[in-house]
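This document opens with one chain alone, in structure tokens, the form predicted on its own.
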Amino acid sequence: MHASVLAPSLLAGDHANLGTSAQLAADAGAPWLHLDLMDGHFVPNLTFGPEVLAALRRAGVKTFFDTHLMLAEPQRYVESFAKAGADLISIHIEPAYDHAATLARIRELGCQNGIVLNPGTPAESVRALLPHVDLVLVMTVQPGFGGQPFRRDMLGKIAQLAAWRQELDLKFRLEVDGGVDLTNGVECRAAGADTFVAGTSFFKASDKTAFAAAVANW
């Protein structure tokens, strides 16, 4: 199993000082930064676009950018995000587009790729794509807004994907996102997750360095 990685969600940071929030996460010891891109169509919220990633890079943020496209037509935007500084680009299985071609394009652009499942989407929907991805992201809330409670009923889906990873001898990372904290994150790790998106719980933590260290030791 991969070592545990913390990916604080910038969505929970200070939107008036995104560069400061990104650097704060890096300084606390978080190796990744999770960037939630929402289009107001696939999910009922709007966040930011590729220019924010480019601005963070210009400001000197060197963290691994874990870029989560919650978009109705992600295939139209992967090139923009790759050029803006994304390291990994994840796309959802739910919208109708050529998932395999888009995942291949992300790799052609020099980024790692990922496939994402909403809570109501069965693990089986991504099984055929597992040999072609670097990461699978299991949403543990319905995406759209931060601060929602963690859905423990997703632990079985995590375990199923972890079992397939072992059965098929694959190396993809298994990420969880939504209401993750230092308590339920341990349960996710036990189920097979290795990459943990934490927004509210991380940015509200009184000791963010201790938070990052705790995740690294799972």
Ligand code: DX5
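What you see is a predicted model, and the numbers here were worked out from it, not measured in a lab. All residue numbers are counted from 1 along the displayed sequence.
Quick note: we don't show the form predicted together with the ligand, though the next part is all about it.
Peer 1: Is residue 106 one of the residues lying within 4.5 Å of the ligand in the predicted bound form, judged by heavy atom distances?
Peer 2: Residue 106: no contact with the ligand in the predicted bound form.
Peer 1: Test of understanding: in the predicted bound form, would residue 148 fall inside 4.5 Å of the ligand by heavy atoms?
Peer 2: Yes, contact at 4.5 Å.
Peer 1: Residue 179 versus the ligand, in the predicted bound form: is there a non-hydrogen atom within 4.5 Å?
Peer 2: Yes.
Peer 1: Even though the partner isn't displayed, in the predicted bound form is residue 154 close enough to the ligand, meaning a heavy atom within 4.5 Å?
Peer 2: No.
Peer 1: Name the stretch, out of 95 to 103, 72 to 80, 119 to 127, 136 to 144, where some heavy atom lies within 4.5 Å of the ligand in the predicted bound form.
Peer 2: That would be stretch 136 to 144.
Peer 1: Quick one: from 26, 38, 52, 162, grab the residue that has a heavy atom within 4.5 Å of the ligand in the predicted bound form.
Peer 2: Of the listed residues, the single hit is 38.
Peer 1: Quick one: which residues from 15 to 34 get a non-hydrogen atom within 4.5 Å of the ligand in the predicted bound form?
Peer 2: Contacting residue: only 34.
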